[in-house]
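Okay, here we've got a single chain as structure tokens, the form predicted on its own, with questions on binding and movement later.
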């Protein structure tokens, strides 16, 4: 099969996407819908996911990801190719976009008030993100906060939500009408699927929001909701741990993180009740913020 070439308009970026793997193309159409177009004048990134050549074509087929001529990852099983593309687009932005201070965090908002959710894998961040996005919150990002330097303003980078392992069946039960990709099994993160956010989030994908709080989530099966407000020092240390590039961009990155931490409260929460989390966020950070 010859490669297909299409374009993803994902403000503030545009990706040219090339693939010769049919289910990658069909997944793109499923989760991105009208964001996937046939032509674009000036793509920011040229990416491709291609079948690996050689003996691997016949024995445990693999896929390879390229950004221009770079191949940042080892080949993966071909059935993981779509997840690889999503991770590759993350890599492009995290590695090259130095006009933002980039934090590994989900970003959700009510109106123009945004909350950041930085968290390591296994914290339940993406499950919480999906639940909030389908219960009246606006998704700006599941994976990275693009913060304008020397400000609290976050630029949206709306993408599908990456769900893993047990969260996959939960999300399919919660959102039976959702647009899901196929499952990539046995990845380094376990089984992975991507869920398109509600149309309302896509429609507001150029509307920035102001950070009013930072919440470090930790799912804990036996805890309804425990909340701990962090000191500025504690908040900064956890915040900086989740920063992709603040060390690279130097003083600008450091001062931006300090500015955010100084101006907004930060919390660590342990929870198993998503509606209780939403109520806390609304009362403490949205309705209670300036």
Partner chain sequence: MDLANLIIQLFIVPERALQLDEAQWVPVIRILRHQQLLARYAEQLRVNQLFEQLPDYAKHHMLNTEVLANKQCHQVLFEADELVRLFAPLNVEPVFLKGAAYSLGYRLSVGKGRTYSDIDILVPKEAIIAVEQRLSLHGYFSEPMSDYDQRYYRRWTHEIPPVRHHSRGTVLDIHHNLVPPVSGRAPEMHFFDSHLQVSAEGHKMLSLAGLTLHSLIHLLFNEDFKNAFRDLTDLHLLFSQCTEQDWQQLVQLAQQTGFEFELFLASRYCETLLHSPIPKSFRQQLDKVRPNKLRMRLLDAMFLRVLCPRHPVIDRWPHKMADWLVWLRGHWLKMPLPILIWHLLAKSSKGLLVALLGKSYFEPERR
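Keep in mind that what you see is a predicted model, and the values were worked out from it rather than measured. Residue numbers count along the first chain shown, from 1.
Beyond the structure shown, there is the form predicted together with its partner chain, which is absent from this document and is the topic of what follows.
Of the candidate stretches 116-124, 158-166, 72-80, 201-209, only 72-80 has residues whose heavy atoms lie within 4.5 Å of its partner chain in the predicted complex. The candidate spot formed by 175, 226 and 268 is out of contact with its partner chain in the predicted complex: none of the three has a heavy atom within 4.5 Å.
Checking 182, 95, 179, 151 against its partner chain in the predicted complex, a heavy atom within 4.5 Å turns up for just one residue: 95. In the predicted complex, its partner chain stays beyond 4.5 Å of every heavy atom belonging to residue 244. Although the partner is absent here, residue 256 is not a contact residue: none of its heavy atoms lies within 4.5 angstroms of its partner chain in the predicted complex. Taking the partner from elsewhere, residue 221 is found to have every heavy atom lying beyond 4.5 Å of its partner chain in the predicted complex. In the predicted complex, residue 249 approaches its partner chain with a heavy atom inside 4.5 Å. Scanning 28-49 for heavy atoms within 4.5 Å of its partner chain in the predicted complex gives 41, 42, 43, 44, 45, 46 in sequence order.
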